[in-house]
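Below, in structure tokens: the form predicted on its own, a single chain.
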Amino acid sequence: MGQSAGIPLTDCYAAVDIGASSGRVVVGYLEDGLIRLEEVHRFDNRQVRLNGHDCWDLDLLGTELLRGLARCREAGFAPKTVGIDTWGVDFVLLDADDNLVGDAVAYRDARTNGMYEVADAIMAPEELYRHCGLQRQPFNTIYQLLALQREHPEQLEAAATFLMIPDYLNFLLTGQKAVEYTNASTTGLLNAETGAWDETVMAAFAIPRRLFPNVTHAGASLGPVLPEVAEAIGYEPRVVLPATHDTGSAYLAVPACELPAVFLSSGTWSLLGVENRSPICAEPAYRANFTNEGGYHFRYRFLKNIMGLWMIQSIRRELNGIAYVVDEKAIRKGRLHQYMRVEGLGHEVDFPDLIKAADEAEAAGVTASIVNVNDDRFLAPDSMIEEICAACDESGQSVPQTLGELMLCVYESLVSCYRDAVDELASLAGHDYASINIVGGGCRDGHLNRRTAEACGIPVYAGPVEGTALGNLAVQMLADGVFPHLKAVRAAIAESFEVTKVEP
């Protein structure tokens, strides 16, 4: 904890970790050789509807960023450095006076609908993959920029600088404009081999290279915060670039057990893969739709993006937003809006309730229907429950009639996708894997961990929960000389935090 008597602890570091639904500020420090964490601030992240699009509320993020850093001081800390990580692909444009041009449109917005066809007419997708090695997903930055070209070409004309979301937040703190490598690798514009912007791709897609600062790597310092920021938060930290893509940070924190190991960062997205020293951009990897995202010190995260806990989070939001009843007539008429009733809870539905429902359905011998969790229909449906039920009906499977059946369908669909991805990894690598190492919030889901171990037939090591914040802090500690190398940080993480083994 922070020191008393008004003297703040300065041998510490602040990780600002912002996901699609929430953010937090976590202080980390070393005590008796162990890494200690203290969360000092948590806040909601939200999307707002602006000019016909779903957008990030940048004013909210800027306000909460400063509030969280100020609360470090209130909690008795004055971190030496601050690092920010967020999700990937999304960006802002600044004009020559550093004012925002347009809105920060969110990746689940529908503006990229139809952009595959536009892009494929310019460059064959397998050729784009050979250049950039990025998994084909409708929200990749390259498709967002194509959509912007068509809707608002004047914004690209007026822009002077392209920054990704964590880069923009760093700019607010320091006035420095830098695009960090791990997040840049999610754009579809970065050459997988060189780690620099791919000018051949940019020219083909008429994306102005002049907007893009040269890529900067994790561990670099952007210098101290601006004087007005220091005054607002009560101390003057330097800003250090972690792996600003949250998955890049999460992979750093995996204390790999039973090598060779598969890594799984489990949150809104499930990012399942391995850490390589070189990219794999060959045709089999393209066909399997694996991605080569940037990692710390020019490592590559060779992985598959899987829909993850987004489906479960969406179901929970629906159940807490509407009083659901089973509408048998609607089912018989083929109206595929399936309403679920939660029996006897008397409180808001939380994740343990959903896990319990799945456990009970499994114990009752329910045979789960299975949907393709990576289908674009699940990216941003009006009703996740309706969309799952519709997918079951259209494929000739049983439509879930209870919450337990619905949850079992989601869990079985997820672990089926995990199993397929592990099999594909083994095929591409030419060898089997000995374990799956799960970090992030999803590692607390005992049902999912157990079913993953059973489906994949190898042990699951669950933990640490705070994977992303730990990876963020690890880079700051490495930059400050607290640890000599990454192997030492991972050893400290394994010693400092609980990891639970789940046998198949």
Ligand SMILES: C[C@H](O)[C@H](O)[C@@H](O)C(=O)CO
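As the structure is a prediction and not an experimental result, all values here were calculated from the model. Note that residue numbering follows the sequence shown and begins at 1.
What comes next is about the form predicted together with the ligand, which does not appear here.
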#### Entry: Pocket accessibility when the ligand, as posed in the model of the complex, is superimposed onto this form, judged at 2.4 Å from backbone or C-beta
open
### Query
Pick from 120-128, 399-407, 88-96, 363-371: which stretch has non-hydrogen atoms within 4.5 Å of the ligand in the model of the complex?
88-96
#### Entry: Any non-hydrogen atom of I388 within 4.5 angstroms of the ligand in the model of the complex
no
### Query
Any of the heavy atoms of F171 lying within 4.5 Å of the ligand in the model of the complex?
no
### Task
Find out whether any non-hydrogen atom of F263 is located within 4.5 angstroms of the ligand in the model of the complex, and reply yes or no.
no
### Query
Is L414 a contact residue for the ligand in the model of the complex, using a 4.5 Å heavy atom cut-off?
no
### Query
Taking the ligand in the model of the complex as the reference, which of T161, N305, S314, T216 has a non-hydrogen atom within 4.5 Å?
N305
### Query
If you check W197, F139, Y296, W310 against the ligand in the model of the complex, which one has a heavy atom within 4.5 Å?
F139
### Task
For the stretch 228-249, return the residues whose heavy atoms include at least one within 4.5 Å of the ligand in the model of the complex, in the order they occur.
H245, D246, T247
